[in-house]
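Consider the single chain below, provided in structure tokens and representing the form predicted alone.
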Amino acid sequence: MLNASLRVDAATPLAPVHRRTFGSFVEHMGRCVYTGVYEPDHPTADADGFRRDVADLVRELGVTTVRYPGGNFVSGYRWEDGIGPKDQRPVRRDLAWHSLETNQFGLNEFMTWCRRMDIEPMMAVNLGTRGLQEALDLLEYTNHPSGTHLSDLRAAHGHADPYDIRMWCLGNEMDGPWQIGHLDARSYGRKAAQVARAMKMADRDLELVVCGSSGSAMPTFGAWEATVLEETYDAVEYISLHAYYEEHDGDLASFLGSVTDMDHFIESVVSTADAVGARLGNRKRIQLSFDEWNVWYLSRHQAQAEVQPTDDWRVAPRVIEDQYNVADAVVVGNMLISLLRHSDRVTAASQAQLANVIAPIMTEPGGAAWRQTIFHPFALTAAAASGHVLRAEVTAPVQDTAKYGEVPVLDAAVTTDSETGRAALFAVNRSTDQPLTLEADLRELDPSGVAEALTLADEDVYAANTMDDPDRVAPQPNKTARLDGGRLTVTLPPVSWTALTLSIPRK
């Protein structure tokens, strides 16, 4: 049995819990849109073609924002194709995912869905094959009240009220050679700055996200951020980060330690952004938008040529439909802990993606929808985390990993909300084979009891949920949790993620 301790500092909260942390991502990729959130012929479809069974799961998941329409897809997308009468919308080739796009689901369908779901949209503009004028046209169509050609066109399409979209991504992964319209850092920075300044001439209260590196392993990482921010610092509010992790060759210990890399990624981008700001004499603090993150078995799909071009152009092909297991869910829960811990600078995030494509929700065309294992840590964290993130000092033994060296077996985050009278502790045991006893000193919170203790774990760390067995893996009550005089003791199984909520005094 391993032992670890945690102590919270309630006097100096780290940062607010940002609701935008619990964002998701809908891209026109594979079956995320078609037979995912949208399937007009499905038995549960509403009058607009949205799957109500999926909508119910999205609400349970607790998604607050959705980034749309990409992703790589956006770099070749013509937004005008997805508005107006559906029988007049063109079918186009999507070069990013080598499929056919019918455009039966477009901007107006997305915004209708967002409003029905009470979700904030996060819109991306095409800076791959398009640029300044197209971005301004899209902004006019979405946000201008009335009296101009494009705002009146929106009204003619049945949407008189402006959408008032606040958050905009200036392209996607423009550092990647795979990206349509890929640019070097200086060229992209200048293009993004030009678009950003013009968009704010039209609507000065926009929040703009400039593309950071598509991963910390990119050879241009660091230099890309510095160069792009030199060009855009005064015109944008956010820089983006993207990260995906997977287990390689049975190296479970390294996989469970992946979030140490995520921590380093975040802290490196913060340092770079602040250094650029200091060099420019600009005291504004650039925020981070971690708008793509998840477990993704990319190497497996590349080996199977799932993401490689073929001569077969299809509508909504089955691509990148990872089936997630217990270990994957533990890593996803740990990634959420990292996002919370960095809430002082990471103020928006989007798990990629929402349905079918590396997603917490899976569906069958015409059939069922179910929760993947990674659904549970996201839903429970989104529901329990509120108020402020506290500083948590962790003392824990380490585990050797081939990829990241020594990694603490315990990682944790604590939130507290005096308005609701609720605190939450999220913890992972990264040990591959030993349970962990956690002693948490929570006396500064003055907790009166453990309201709920749930742990996601299984003797088979590769157990997964399927259409035939959708509840094979789900969080279970952790009956070891004990609170005595403000000190919490709980046993965490190996390869596990745990969420505890506690009652605290209201203020």
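One-based numbering along the sequence shown. This is a predicted model, so every value here is computed, not measured.
What comes next is about the form predicted in complex with a small molecule, which is not displayed.
Using heavy atoms only and a 4.5 Å cut-off, determine which of 353, 213, 373, 416 is in contact with the small molecule in the predicted complex.
Looking at 353, 213, 373, 416 one by one, just 353 meets the 4.5 Å heavy-atom criterion.
Within 4.5 Å, heavy atoms only, which of 247, 231, 292, 322 is in contact with the small molecule in the predicted complex?
So the residue touching the small molecule in the predicted complex, by this definition, is 292.
Proximity of residue 178 to the small molecule in the predicted complex, heavy atoms at 4.5 Å
Although the small molecule is absent here, residue 178 would touch it in the predicted complex, with heavy atoms inside 4.5 Å.
Using a 4.5 angstroms cut-off on non-hydrogen atoms, would residue 27 count as touching the small molecule in the predicted complex?
Because a heavy atom of residue 27 falls inside 4.5 Å of the small molecule in the predicted complex, the answer is yes.
Please tell me whether any heavy atom belonging to residue 347 falls inside 4.5 Å of a heavy atom of the small molecule, as the geometry stands in the predicted complex.
Flag for residue 347 set to no.
With heavy atoms only and a cut-off of 4.5 Å, decide whether residue 79 touches the small molecule in the predicted complex.
Because no heavy atom of residue 79 falls inside 4.5 Å of the small molecule in the predicted complex, the answer is no.
Please identify, from 101 to 109, 363 to 371, 292 to 300, 158 to 166, the stretch that has a heavy atom within 4.5 Å of the small molecule in the predicted complex.
The contacting stretch is 292 to 300.
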